[in-house]
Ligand SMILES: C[S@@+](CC[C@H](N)C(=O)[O-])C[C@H]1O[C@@H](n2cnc3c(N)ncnc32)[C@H](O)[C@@H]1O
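Next up: a single chain in structure tokens, the form predicted on its own.
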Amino acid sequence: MAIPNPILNEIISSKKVEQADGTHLKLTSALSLEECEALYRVLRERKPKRVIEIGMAYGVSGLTILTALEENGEGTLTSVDPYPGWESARKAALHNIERAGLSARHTHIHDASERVLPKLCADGERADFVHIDGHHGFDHAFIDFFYADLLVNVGGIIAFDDSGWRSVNKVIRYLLRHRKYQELDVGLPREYRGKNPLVTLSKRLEGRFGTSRHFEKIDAWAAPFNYHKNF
């Protein structure tokens, strides 16, 4: 399914991001075209009303999400990204969202997810779709998932980018073992290839593949107070 957003397609094909002054930044971090198309398909099919993304970077995932919401005729996106030492990327992302005419559906919270997500939970916020692509360290990725699980409605989806990273894969393994989610087939291949044959073998044995992965919440299960006994 092609994504009807010429600005997004321009960014992906040129691997450059326009800034407000007309100059361009090199695109160094973004979803692939195939991942964007998969994300767009899921959002068009599920028609979420409330989407949260953790990690906005140059705005590629945000433009994909916002385009789907616009095509659906409903929904809003909140992007959470502190952009430490990366102000040029933040300005470029917001500039291109504005260029695409999608700012009305978008809010950016310029702060770290470990501070923002607990506040959203405390404020009673809910979400139908959460896209996790922030800090990829295990501790940060796990905190992002923990609060995403509290925020997302039953029937909603949590998606992880860079799922082939060992740190992110550990969070996914926890999700599959200790929460009630089912993985969705979004049409992306399982790519295990690493920098050498040993890494490739390791990834296969650990079930780590490098595309985005999507999980549907099938029950609002809560762990009992003595759940640690089950580990």
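Numbers follow the displayed sequence, beginning with 1. The structure displayed is predicted, hence computed values, not measured ones.
Unshown form predicted together with the ligand; subsequent notes refer to it.
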query	finding
Site check 61, 81 and 113: each within 4.5 Å of the ligand in the predicted bound form by heavy atom	yes
Candidate from 105, 91, 99, 136 lying within 4.5 Å of the ligand in the predicted bound form - any heavy atom	136
Position in contact with the ligand when the complex is considered in the predicted bound form, options 172, 188, 42, 31, heavy atoms within 4.5 Å	31
One stretch from 175-183, 66-74, 51-59, 196-204 that, in the predicted bound form, holds residues within 4.5 Å of the ligand by heavy atom	51-59
Partner proximity in the predicted bound form: residue 146 to the ligand, non-hydrogen atom cutoff 4.5 Å	no
4.5 angstroms heavy atom contact with the ligand in the predicted bound form for residue 142	no
Any residue of 11-27 that, in the predicted bound form, places a heavy atom within 4.5 Å of the ligand	none
